[in-house]
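What follows are structure tokens for two forms of the same protein chain, given separately as structure 1 and structure 2.
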Structure 1
């Protein structure tokens, strides 16, 4: 049992791509080894800023003997075709096997491939991995005809300590690599993985990403603790920093006391986003005047120069922020709105000022529907985009909405207004936090609907992978917002359309109100299917089954509850049987309806019911039909489903006891109507025919 080591040594790989690359390397290696018939006991991959490494342990010394089958022409094919095949395969006709297939008798060449030494195939495998590798972005560099994320500068490729030769991107594999760029730059040779990992450590490189990440988290924690502080938790920042260092050293810097009066986000945004520092909090949970820098260097001055330098950079950024904070607060927020007149929202959709004017009308109407204070919502809408013209947001775009809240509070706006200005941007992503205040919800909905309606009206819709105006994200956000409300979006879509001054904007293409609403609604339902699958695990076909009967008047909250209930039903024994019965009934109906060119609508004549089983089923259906309609109106979907499931017994008995295709035409037709009533009742809940897979 043997070990294979492969290191791809390159210039610095973007931090956020390393983890994905490490995983991709593992998947590709596993696939290639399996293809070659090479089993292994363990396969691990690693990543640092400068290297991607793979080690496979427990490989056999030889590939297994296996056969390769090559299919030739049919035995009765023209002589020339057969001749050609034999020539390329390098065999005589006698050496071929004949095999019968449904398409006739064919020539086959079956070749025994003898075992090969593993090292003889690993070079090819390495090349296959490198060629199949996919990066989100690639570049060219001199002397390499093959792209990579950054220039490759070396390969270590060893099997049992011996070089497995190959050349890629103009570089020949060797047993030499390098450690830390500054602390130990001299090249060294390696033989085994254990020695490789150990020597890297001696050369100030911690190969294992998980180890590095844990170490960083611990160091940050420990260093903060010395001053009774705690770091703010930030998994994304931790991951990014893990990809920026090979030899992590945590250092603590201090924030100038004069900046500590700035808002929390104004101090922490440059720290986290621009400088990749960890902000610290004190025991009361307030921001402390200290931060932690993760460096890649152990220095003889204990990091003194590094701390000084980093403090200087932060000081400069905070000095800017301080200046903006003071300047911005000199003007009331309303004054910034003037500037919005020259900020284009979109060419034929007017300026941001126009958008604000539309939101001032739309948001309060939504507020009225959901019981929010309309006047506060209108005020929030008026001020909603003002901070985009502030110097602070111009410098730190991530602070949009947040600065709006601070500036609104500063000028004495009601808390609800300030809060709504910040919350209009929520949710920021799938599953992200939602606005908590009703004016915030109203404004968030209004903003997204205004954008969707506007773009759809002038014919701009997301296509394929293209979505330059982030309409998909707006759609998903809107769905998350609407889900908890009993609000029918249809009406709001119409208001939004009417809010645009189409005459003045005069876009080159303008869809009618009906067409636009239809387009947005269809788009939202598509997003909704995606959302339900992602968030509550509902398969597409369940959503489809519910949507196709729910109609446009339904609220999304309704549809989500129905889909969830349907999923629950189909998990139960009763549900599965009921679905089978539905299928049986609808299949029978389909055949008859096609034959007779007639649609059975479930108008059963009670006196024609002869068999007790059919009488019983009819009684049940009649009762259930009314009950389900009533429960649906109340939104009690779990009860709807329970009610529907109770049909299972009578339906089963009916199919056991009653024949449908009887001589008596009246009887037959009546029974078909009874099946149609079953179909109709089921359709109150979902169109079961849309369900995929076996019943």
Structure 2
């Protein structure tokens, strides 16, 4: 069994794209090898800032023998069509076989493909991988019309130490690669993956991304401990830095003491976001006047010049931040709202100040629904966007909301108001932290609903992969906010629509309130399916079964609880048997209803119940139907599930003892109504017909 090594060597790949590219290389290679019939024992991929690498181990030396079948035209097709097919296939008419199909008799060419040397196939596979590769953004460079994330500089492609020839982007594969750009730029040859990985390390490149990440985390921790400090935990920063260096070296710099009076986020944002430094904390948990840099260079002065250069850059950024901090606090926060009047939120949706005025009306109404102080929420809404016009946020947009909290606190606003200004932007991503204050929750909900209603009303909705106004993110954030609240989203959507001054905004296309609300609600329910699947582990069909019954009448919290309870039921033996009984009843009803052009509605005549099993089932259904309705209104969905599960015994007994299609027409129809009552009672929980797989 043999080994194939493929390296794509290029200029620096953006750090946050490397992991996705590494996984894509693995998926494409696996698909192409499988398509060629080449099995393998292990397939691994690697990434550094300048290379993507693949190694497939345990490959056969030849492809397996196989046949290829090519379908031609019908036997009675025009002669020119048949001749063209024969010419393309490279065969005569006599070499074709005739096969009958539902559409007539066709010509087929069946060729037996003999085994081929694996190295002859790997060149084609390499090209297929490169051509199929997708980057979020690409570029072209001189002497090549081929798009790639960054200019390609070389390929290594070796099978059992021998070059697998192919040419792409004007570059031919070889056995030569390069190490570190500065520490060891000389080209060198490789023969096997083991030699390749070792020589890269000898040339100051750590190929394995996981190894680099672990090494960086350890070096940062060790260097910080020398001064009794600890690094702030930041997984995203660690991942990004891992993609910036091939030979990581940690260095410690110092922050000028005069800047340590600035807010924590003002100091750490330039460090983390702009410079990719690791901030440090002291033993009391406070920010220390030190940071750690990860450099890609090993220097004779042990990094002193690098440290000084980075300290100088940070000093300049913090000097600007200190100036902005002092200047911004000279003005009341509300005064910044004046600038919002000339900053457009979106054409036909008004300015940012118009949005603030809408939030002032909408957020307190939501606050009243969840028990928040309406006056504090209204005040927070008035100041919610003011910091967008501050000099600090203009320089560091990542600090929106955060600076609003600091400035509100500085001017003596209540703590609830200050925190709500910051919390309006939470959650910032799937699974992110939620607002903790009720005014913050109210404002966060109002902000997202106002945006969704506005864009949907003027016909701007996410399409395919395009979502330039982040409406999907707004929808997912709104879902996370509503999951723990007994709020009617549709009612709030109506308030938001009514809050727009549509006559003044004059959009050329304006949907009605009903159409807009329906569009946003449908959009939220689609996002809700994905949210529950990712966060709660609920299968898609479980969510669909619940939504089809209660999607327009329930809060998202109720829908989530219903879905979780349904999942719990279907894990039990009672639930599985009840589902099977539902399916059996539904199939019987479907046949009879289609035949009779009549829908059975579950109106059972108790006097016509003859068998003890059907009388018992009717009594149980009647009791459970009322009980489930009551429990559903109370939101006791686990109790609902337990109640429904108790039907399992009577339903099993009924199907064992009772025959449905009897000669007595009155009795037959009454029993069909009894099955319809079972269906109707089950539908109080979910539409079991939406569940996939075997019952």
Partner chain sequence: MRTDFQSIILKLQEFWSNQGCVILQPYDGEVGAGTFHPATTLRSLGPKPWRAAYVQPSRRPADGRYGENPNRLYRHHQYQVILKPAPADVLDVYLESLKHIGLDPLLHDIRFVEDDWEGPTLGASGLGWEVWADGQEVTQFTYFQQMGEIPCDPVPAEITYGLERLASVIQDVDNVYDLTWNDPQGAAPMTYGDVALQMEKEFSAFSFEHLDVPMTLRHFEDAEAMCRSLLDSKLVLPAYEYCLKGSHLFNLLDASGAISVTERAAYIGRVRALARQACELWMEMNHG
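Residue numbers count along the first chain shown, from 1. The model shown is predicted, which means the values in this text are computed figures rather than measured ones. Take the two forms, find the largest set of C-alpha atoms that superpose within 1.5 Å, and that set is the rigid core.
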Selected structure - criterion: the form predicted alone | 2
Look at residue 212 and decide if its Cα position differs by 2 Å or more between structure 1 and structure 2 after superposing on the rigid core.
-> yes
Would you say whether residue 503 is displaced between structure 1 and structure 2, judging by a C-alpha shift of 2 Å or more on the superposed rigid core?
-> no
Flag for residue 664, CA shift 2 Å or larger between structure 1 and structure 2 after aligning core | no
Once the rigid core is matched, what's the CA displacement of residue 114 between structure 1 and structure 2 in angstrom?
-> 7.5
Superposed on rigid core, residue 77 CA travels between structure 1 and structure 2 a distance in Å of 11.7
Once both forms share the same rigid core frame, by what distance in Å has the CA of residue 7 shifted between structure 1 and structure 2?
-> 3.9
